[in-house]
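The data below hold one chain only, encoded as structure tokens and taken in the form predicted on its own.
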């Protein structure tokens, strides 16, 4: 057996273990972990041909597993601290205050109201990188406003999903781009404008398509009466200071790199959380919120940890190199024609694992062919979250259904109504991917 055959056999074992685990209804984290374990066992048992490496000792196996768990440690810290910041802001009443102010001031101005509601939906995902966090933080409130505006239930839940998906793609935190860039040893620089334009256009198309023909009929007092009250003492200054602090800390290093102190994103989000505590007019239970945040995110953090182990295992066994080779030898026209379908479907199966698995070899291919890898990866990172309503995982889609207490048919209601905006988003990303070099020159990345 040659090394090529060995790596191919390992990939087959991974696919079989993954399929069997899914058939047994194992969770995504356990499925990926079992696939990694199966790959290690296959690597130890199967002959390696002329490969000079001997069978791995047990201590070396443990080392690779431990290294894999820390591959995305910085991403996990960023995700945890950002979600803690947003949860703290919500529990302090800041989200309630902002939504009530937007409805009270702009309810009669439909276009402005929809634009501001879109911004409210985009912020939590942009800060945390998670569409599910967006749904759980502001989805219920925005859904209540949409219901009062007369948006029917199917369109409403579809819109909440799409806005949550686009918020997860929105900068500064895009976990797909961060994980793929880390796997390719590529600095996470220059992604802000491509991600912002693609996700922003996708969000606006979704909003105005799914609310077409709707007119505000209920009086504003009735709508406000159905929204939760904000704690006394909130005002515009208190509401915006935490986000101003976050933006200043993020942008300061980019505008004044010579003298601005370097803050990591986890520290920036913790400082912003401190600003929430200072600005909040009511006392919040910080430790309780911190524990709840970790408990709510354990599945997603677990996925990122297990993806790191799987990625390390793929590299160890040569399977990652074989996958990269398979991608690199494909005609570029075939990738342009197929990625709009492959990437969302793969996200529905593997979730964040798709970023290192498919993103890394694609980055290397596009870079080798002279395309702009930053713009290309931005396109893929907006395509991936579109698949978060697809089986078997459908994490964000399921979160939207639960948060909105949706009773309709998932596929005939949510997915069918979201289909047209999804296709528009995928088409936009595909066109941008094809012309990524001139787009990169235009945006200066």
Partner chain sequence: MDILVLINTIITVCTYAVALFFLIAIVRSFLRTKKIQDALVYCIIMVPFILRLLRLK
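Everything quoted here is computed from the prediction, not taken from an experiment. Numbering follows the first chain given and starts at 1.
Below, we refer to the form predicted together with its partner chain, which is not included among the displayed structures.
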message = Considering non-hydrogen atoms and a 4.5 Å limit, which listed residue (335, 119, 294, 326) is close to its partner chain in the model of the complex?
response = 294
query = Heavy atom within 4.5 Å of its partner chain in the model of the complex: which of 136, 239, 305, 173?
reply = 305
Residue 287 within 4.5 Å of its partner chain in the model of the complex, heavy atoms = yes
request  = Please run the contact check for residue 255 against its partner chain in the model of the complex: heavy atoms, 4.5 angstroms, yes or no?
outcome  = no
task = Would you please decide whether residue 352 lies within 4.5 angstroms of its partner chain in the model of the complex, comparing each non-hydrogen atom pair?
result = no
inquiry  = Against its partner chain in the model of the complex, would residue 372 count as a contact residue? Criterion: heavy atoms within 4.5 Å.
reply    = no
inquiry  = Each of 25, 261 and 267 within 4.5 Å of its partner chain in the model of the complex, by any heavy atom, yes or no?
reply    = yes
inquiry  = So if I measure heavy atom distances to its partner chain in the model of the complex, which of the stretches 60 to 68, 414 to 422, 383 to 391, 37 to 45 falls within 4.5 Å?
reply    = 60 to 68
